[in-house]
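Next up: just one chain, as structure tokens, the form predicted on its own.
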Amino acid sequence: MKKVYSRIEAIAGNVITVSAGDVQYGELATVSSAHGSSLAEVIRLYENKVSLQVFAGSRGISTGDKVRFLGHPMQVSFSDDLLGRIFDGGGKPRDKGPELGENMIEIGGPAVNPAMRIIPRNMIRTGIPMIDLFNSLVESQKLPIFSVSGEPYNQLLARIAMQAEVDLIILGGMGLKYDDYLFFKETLEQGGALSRAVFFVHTASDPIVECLLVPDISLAVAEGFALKGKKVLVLLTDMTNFADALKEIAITMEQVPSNRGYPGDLYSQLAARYEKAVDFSGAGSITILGVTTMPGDDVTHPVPDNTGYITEGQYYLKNGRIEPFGSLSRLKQLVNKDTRPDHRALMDSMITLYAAYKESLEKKSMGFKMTDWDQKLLKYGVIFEQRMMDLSVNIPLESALDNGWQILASCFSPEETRLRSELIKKFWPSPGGGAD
């Protein structure tokens, strides 16, 4: 039985401090005041001083209120009843459905031992050519989507949620605008994907500590389903809001700030979440896609900078499209060698020609005379952006490969593509429009 403490020594913002013993970092407590009971989480231990972040805020709490420690960290109910449900960052229902309380599991546990992981080997198809063809998403991979505010990254995540060839989607929203929350909800409902999804959402008006809980609660549920043999895709938006919540609490705790005011353990905090991506031997897998917005489109900002050292590449969303040059999936070679024999060669050829198109476009803008080759490249670049890069394009990988050959054939002769003759013989479109 945990002891009840009836004296709060300090209240700073939404953080209260008590003198207590036998308390663990991350442990939950209840704070009972005249206005009711509030949940709080231990966020710092220093000698016998215990600091707690109050979920609902410290308004109405006085120094004479009671604090009772619960003896366990944050927990979430785990069962198949989670599917199709929407919860807040504390695991409470947002969808007016029943509250779940059976089979409680702890969140924020350690990552899987690397020695027990399987080398990634399976592709996750999304129906988006700039992912499937050019930077394949691999099962158990961890990838950020680097973007700036105003880009359609939530629309991209919603589309991936509806189309990705996985068993389950866990969607974790941090600092979402209410409109974005409704967009996800309505899109998944209308697309018929909500029945295989679990949604944990923290809006900008919710307690900040719930923002910190969303990745952990999402990944704990994902791990539970993965151990049951499910292929789980975890979509997180926005990890910069998560980092800003860390910074806000660190400032409240008067911690010595690091780069741009973020706490010194920012790298460890991000890595603890991303490293949950895993392919279990004899069970399922967890794949993580997390949006990271870059203030001022600055990739050297601490959040994307640290993220880049943890993850296995990135998707770079700019001007409403996934950019081929800023994007990279470091594991794509593990899977695209097994899709179709022309996959890797066609990918390399099309990107090389698109880079040449960019050079011709720059020459044109500077007033240089355009050669016949430049004119071909300019035609190719426009078609490539329309039929490959546009996010409205929704086709399977095989159709995207066929589409790539047709784009090349409409702009170049076979020898100008520098593709191997055996591939050209097999896949080059006939004059009638189909492949030989």
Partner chain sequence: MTEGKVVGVNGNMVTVEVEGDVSMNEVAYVASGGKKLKAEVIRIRGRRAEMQVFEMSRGIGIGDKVEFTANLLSVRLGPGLLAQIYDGLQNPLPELAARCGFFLERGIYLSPLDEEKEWPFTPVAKAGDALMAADTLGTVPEGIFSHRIMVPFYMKGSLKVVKIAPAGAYRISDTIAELEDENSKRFPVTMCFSWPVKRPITCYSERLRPGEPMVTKIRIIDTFIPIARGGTYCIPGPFGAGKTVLQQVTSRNAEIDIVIIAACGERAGEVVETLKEFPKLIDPRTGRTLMERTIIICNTSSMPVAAREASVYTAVTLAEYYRQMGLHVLLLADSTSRWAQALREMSGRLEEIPGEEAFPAYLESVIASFYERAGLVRLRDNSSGSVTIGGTVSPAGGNFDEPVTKSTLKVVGAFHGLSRERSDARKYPAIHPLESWSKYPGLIDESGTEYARDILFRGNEVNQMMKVVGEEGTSLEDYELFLKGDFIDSVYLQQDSYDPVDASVSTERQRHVFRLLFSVLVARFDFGSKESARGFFNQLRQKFIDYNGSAWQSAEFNDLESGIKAFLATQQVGVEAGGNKIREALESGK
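Positions refer to the first chain, counted from 1. Note that the structure is a prediction, hence the values are computed from the model and not measured. Only the largest set of C-alpha atoms that superpose within 1.5 Å between the two forms is called the rigid core.
This next part talks about the form predicted together with the partner chain, which is not shown.
No residue in the set K231, G290 and S392 has a non-hydrogen atom no more than 4.5 Å from the partner chain in the predicted bound form. With the partner chain left out of view, the stretch that reaches within 4.5 Å of it through heavy atoms in the predicted bound form is, among 207-215, 154-162, 273-281, 186-194, 273-281. Checked against the partner chain in the predicted bound form, the candidates Q314, T240, S147, S285 yield a single residue with a heavy atom inside 4.5 Å, and that residue is Q314. Taking a 4.5 Å heavy atom cutoff to the partner chain in the predicted bound form, the contact residue among L100, A245, V335, V112 is V112. Contact annotation for P129: none of its heavy atoms lies within 4.5 Å of the partner chain in the predicted bound form.
Residue contact check for G320: none of its heavy atoms lie within 4.5 Å of the partner chain in the predicted bound form. By the criterion of a heavy atom within 4.5 Å, P295 is excluded from the residues contacting the partner chain in the predicted bound form.
Taking the partner from the other structure, the partner chain in the predicted bound form has a heavy atom within 4.5 Å of a heavy atom of L328. Although the partner chain is not shown here, in the predicted bound form the stretch 248-268 places heavy atoms of V256, P257, S258, N259, G264, D265, Y267, S268 within 4.5 Å of it, in sequence order. Once the cores line up, the CA of Q155 ends up less than 2 angstroms apart between the shown form and the other one. Once the rigid core is overlaid between the shown form and the other one, A245 does not reach a Cα shift of 2 Å, moving by less than that.
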